[in-house]
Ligand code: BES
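Shown here is one chain on its own, the form predicted on its own, set out as structure tokens.
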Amino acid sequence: MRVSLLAKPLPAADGDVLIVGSYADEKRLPEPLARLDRALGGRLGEVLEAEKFQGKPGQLTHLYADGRLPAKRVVVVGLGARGQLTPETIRRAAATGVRRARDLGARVVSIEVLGDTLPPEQRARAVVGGALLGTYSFDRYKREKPDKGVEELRLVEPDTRRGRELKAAIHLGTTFAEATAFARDLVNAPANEVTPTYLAKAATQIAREGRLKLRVYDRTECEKMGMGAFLGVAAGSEQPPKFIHLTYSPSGRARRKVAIVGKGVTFDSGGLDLKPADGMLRMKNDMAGAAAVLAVMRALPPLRPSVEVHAIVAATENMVSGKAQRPGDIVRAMNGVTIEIGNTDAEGRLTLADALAYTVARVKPTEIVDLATLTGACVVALGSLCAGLLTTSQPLADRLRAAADLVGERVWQLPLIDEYKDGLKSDVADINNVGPRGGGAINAAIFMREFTGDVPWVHLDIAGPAFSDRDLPLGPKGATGFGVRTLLAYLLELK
């Protein structure tokens, strides 16, 4: 979808569909809807009254312009109460409106910069993000492709003095949405295609296109570095493991060095502690953290943040074979910590243990953020629409939560309770990879904390929101690309 700025009054905007917003519970049509109504000979007001349109979020209707406007149809979307307008309201309204336009067969859509109580740049960015995210689809493996699709989106803004700022907002909204779609594509693709080698090739292409530094370590090199935890998980798979390290460097001097670490288990059978069939069905999504950090690195060159960013992915499958690690095995991580395998299905924290230890030793970052589809316990605690956040640095957590709020991704902080470490004790090793059932998300984070050293660290457990079994306001069922926009917003705010 091409996105551009259209410097015309709303009634003069052309296209197959013109999308406008309406607030809830207002007695009169506000400008510029009133001007549009006059151009339509009062038909807009008549339709809204006849349909008892209340302007609630998610509500929409449409009418034919009958030649009274350059646009063929008008779609009206609800924005809710004027005093409660948020960027997320705008994103969802834009997604709803553009989906209706698509379903009406529109190829060219004009849309006003919805709302008027927030800065225009913020609203424009939300409109673009919502339109692109809300019309995402994944049809790579379908023989018959949908013939309906919006090809061009025009943001209508009559004030030409705002052109530069709005074009910058369009660039941000487009880049964030395209990065999210890239992550969604990686997760939605099947595990027989998206293997550790596939992720390494994707990283290679990202590095080539963005002129990033890349190092991919193979099994032998990981052995030399002492990555016993990561390689223990990889032992059962015929697919060779790949340890990926991408680096973005700003043009000037970087004052901060940030590491983003993504869990990259491309398929998780559970290992010898085998998952049940229904629990294994969508385990292609167990690399959603890796997909997110790769998508972020793909988006950084055009955004040009002023910080140095390192992306780390320990990519492997967790499979069953005669070589698979067993419950009761002991492995040694890169930092020397020995780990008793209490459950082979708690594999993500093992791969992350070496990824974090490597990051601390080789990258020496200012701070670390990891994303992982780590625990079902977090889904039990927070449901499917919210990620859990655990941290060793409250200032870092606060900055990350602010970024999540800005882009509309839900994050909730859980405590790191030191006493829970007693549940991870092992009689034969330094630590066990599992603890008691209660507080499972916290136990997993406490385990991972053993490998972060003194570096400020935030862990995002995205097991719930990374994949959806139903359609959502900003995308269809399947992969969501959760975390991409939060990380991008966070990195752009750093100085």
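Just so you know, these numbers come straight off a predicted model, no measurement behind them. In this text, residue numbers run from 1 along the sequence as written.
A second form of this protein, the form predicted together with the named molecule, is not displayed here; the remarks below concern that form.
Asks: Using heavy atoms and a 4.5 Å cut-off, decide whether K275, N343 and L374 all contact the named molecule in the model of the complex.
Replies: Judged in the model of the complex, K275, N343 and L374 all sit within 4.5 Å of the named molecule.
Asks: Since only the chain is shown here, I'm wondering whether D354 would be in contact with the named molecule in the model of the complex (any heavy atom pair within 4.5 Å).
Replies: No, D354 stays farther than 4.5 Å from the named molecule in the model of the complex.
Asks: Quick one: does R349 come within 4.5 Å of the named molecule in the model of the complex, counting heavy atoms only?
Replies: It does: once the named molecule is placed as it appears in the model of the complex, R349 has a heavy atom within 4.5 Å of it.
Asks: According to a 4.5 angstroms non-hydrogen atom cut-off, is M448 in contact with the named molecule in the model of the complex?
Replies: Outside the cut-off, so no.
Asks: Would you please decide whether E409 lies within 4.5 angstroms of the named molecule in the model of the complex, comparing each non-hydrogen atom pair?
Replies: E409: no, not in contact with the named molecule in the model of the complex.
Asks: Pick from I442, V458, V434, L33: which has a non-hydrogen atom within 4.5 Å of the named molecule in the model of the complex?
Replies: Of the candidates I442, V458, V434, L33, V434 is the one lying within 4.5 Å of the named molecule in the model of the complex.
Asks: Please pick, from E367, D268, D370, E157, the one residue with any non-hydrogen atom lying within 4.5 angstroms of the named molecule in the model of the complex.
Replies: Contact check passes for D268.
Asks: Determine which one of 108-116, 281-289, 381-389, 208-216 lies within 4.5 Å of the named molecule in the model of the complex, judging by heavy atom distances; exactly one does.
Replies: The contacting stretch here is 281-289.
Asks: Let me know which residues along 249-265 have a heavy atom within 4.5 Å of the named molecule in the model of the complex, or say none if there are none.
Replies: Stretch hits: a single one, K263.
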